[in-house]
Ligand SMILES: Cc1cc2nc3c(=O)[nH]c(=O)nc-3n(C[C@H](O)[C@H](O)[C@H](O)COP(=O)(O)O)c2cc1C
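Single chain ahead, written as structure tokens, the form predicted alone.
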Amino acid sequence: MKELVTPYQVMEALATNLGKAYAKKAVKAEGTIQFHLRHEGEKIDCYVKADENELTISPGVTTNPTVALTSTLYHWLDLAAKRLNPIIGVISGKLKFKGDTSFFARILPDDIFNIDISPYADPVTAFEKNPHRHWTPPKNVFVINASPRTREGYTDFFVKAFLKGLESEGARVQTCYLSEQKINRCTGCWHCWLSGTGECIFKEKDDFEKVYAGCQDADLIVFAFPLYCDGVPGALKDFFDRAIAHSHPFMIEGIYKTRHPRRITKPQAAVVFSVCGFIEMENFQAVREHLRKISHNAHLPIVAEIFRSGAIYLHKNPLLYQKLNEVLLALEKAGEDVAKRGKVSRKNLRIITQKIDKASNFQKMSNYFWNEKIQSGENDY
């Protein structure tokens, strides 16, 4: 169970990090820094001693320190983190020094947390910034179908039309149904990172690596899923969580925010394809933003977002047969668009996302449909 550390434990942790940096200094210094700190009515006296070998911290008050600092705990931490200029701290009365203040500079490094992560460099690429401009027709397409109903779901029905268009342009398409795979849920143990191997504790115990290998071999990855509770189905979220093992733990700059470097770098793109039962297209807003964040962290630019609301209604309502065929044809053409240019034409996207009926009609006919199913005892829909 996580507990709040004490002020002295904070000082111990800081001294440990300082000690590691101090050990690398070519020229050591001998002396002592005495701290008289205050925190929420508590007085924390401790001192850091430096010799030719190491830095050590001890509680209490030492005799004849090289320099002494009196302040609050927070003001000292601000000084250590370079958030507080020492001159401003003295003038404002936040910091009080006594003794040889230059001793701080002799034992403290410029940046105790600076390490070389150049071996893990994974900078933003021109392809990621603008995949359409640098587009090459994909040879291998890997589809992750996250519908719990696999081949019986409406996700599979609608995405097949899109995949048909990709295949017509020469792409080799392979589909993986997540519900047919065993993917254990991430336990948050961080073995993949802390071991330095990128290997999950479940590596030999489930199918995740087999599925991820399909992603690595692909030029284009299609994430196809039904909207579940305004988000992705649990199986797909588990897949995303486990994929963190294929990143290094280090932090680097992304296109617009911090992210991790990949263990294997390769120019790839993604298509997000989703259907839902509600008729309003606004239902995809949350999952659209979610997948955009995931794609940024995965260095995987999204070249097309294809959403179709009222999927069951469009498929089951005989009065919408014409619109159904219009949507399916536009989906096929969208697949051709992505294969050729790495994006869907506005015309085809308008047809795919067209309004199919009034909400009042949808609600009335859907209620009739579900009532009939319940009364008949049918489990299939």
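Note that residue numbering begins at 1 and tracks the sequence as displayed. These figures come from a predicted structure and were not determined experimentally.
Same protein, other form: the form predicted in complex with this ligand, not shown, and the subject of what follows.
Q: Of the options A311, C186, C192, A270, which one has a non-hydrogen atom that comes within 4.5 Å of this ligand in the predicted bound form?
A: So the residue touching this ligand in the predicted bound form, by this definition, is A311.
Q: Tell me, which of E199, D241, D230, E180 has a heavy atom within 4.5 angstroms of this ligand in the predicted bound form?
A: After the contact test, the surviving option is D230.
Q: Is there any non-hydrogen atom of F278 lying within 4.5 Å of this ligand in the predicted bound form?
A: Contact with this ligand, yes.
Q: For Y154, is any heavy atom within 4.5 Å of this ligand in the predicted bound form, or not?
A: Y154 belongs to the contact set for this ligand.
Q: Can any non-hydrogen atom of K160 be found within 4.5 angstroms of this ligand in the predicted bound form?
A: Residue-level check for K160: no, no contact with this ligand.
Q: Do S147 and this ligand share at least one heavy atom pair within 4.5 Å in the predicted bound form?
A: Heavy-atom contact with this ligand at 4.5 Å: present for S147.
Q: Which one, 221-229, 78-86, 207-215, 130-138, holds residues whose non-hydrogen atoms are within 4.5 Å of this ligand in the predicted bound form?
A: In short, 221-229.
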